[in-house]
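The chain below stands alone and is given in structure tokens; this is the form predicted alone.
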């Protein structure tokens, strides 16, 4: 935890917070903080600053906080990702949040198992947890927006063109010989398929929406490896 992310319910006064649970345990066990020590804090959706330890014991962590700088700029990318299996989804969300992705669309495709859409990982705190961990890792404060789109064709035909307007439109596809571009200027909408890739019909529909297939080479990568590699290459 490189930043302690603070939410409205943590504040007991305009410049005081009281923390329990996971964040308290982390400060006790990992930071091994002491009275008077300064820790990096950030207000969810807001600025980053310093929290000075006023009280620290097994019951709670009280900090005097002051915010002084803006969070790092976001990556100019919208990530459209075919919904992976729940364990992989958590790893991907944590990684891309750390990298600064602020708009994530989870999409259905032919090779996505129907059971994935019923996973508890898509609901409430289970969905927020990897996003929060990603922000804490990267010293960021702005949570990404995550949209769930369980119908492929209506989304690609009716919503994706407007969502991606004004951006470079790319779809990662291992069966094309066209390499993924490097250091793209301006916003990007990146579509990444499931394990095994999109089927030909899905690639055709994405091309009709203006998306250019590209690949990372001859190797077939796992989703979590492909997503982070693509983002590193594009930006």
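Note that the coordinates shown come from a computational prediction; the quantities given were computed from them, not determined experimentally. Numbering follows the first chain given and starts at 1.
Omitted from view is the form predicted together with another copy of the chain, to which the following refers.
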**Residue (of 95, 122, 143, 147) lying close to another copy of the chain in the predicted complex, criterion heavy atoms within 4.5 Å** = 95
**Proximity to another copy of the chain in the predicted complex (heavy atom, within 4.5 Å), stretch among 95-103, 76-84, 114-122, 150-158** = 95-103
**Prompt:** Is there any non-hydrogen atom of residue 138 lying within 4.5 Å of another copy of the chain in the predicted complex?
**Reply:** yes
**Asked** Could you tell me if residue 55 has a non-hydrogen atom within 4.5 Å of another copy of the chain in the predicted complex?
**Response** no
**Request:** Flag residue 178 as yes or no: does it have a non-hydrogen atom within 4.5 angstroms of any non-hydrogen atom of another copy of the chain in the predicted complex?
**Result:** no
**Request:** Using the partner position in the predicted complex, report whether residue 219 sits within 4.5 Å of another copy of the chain, counting heavy atoms only.
**Result:** yes
**Prompt:** in the predicted complex, which residues of 1-30 put a heavy atom within 4.5 Å of another copy of the chain?
**Reply:** 2
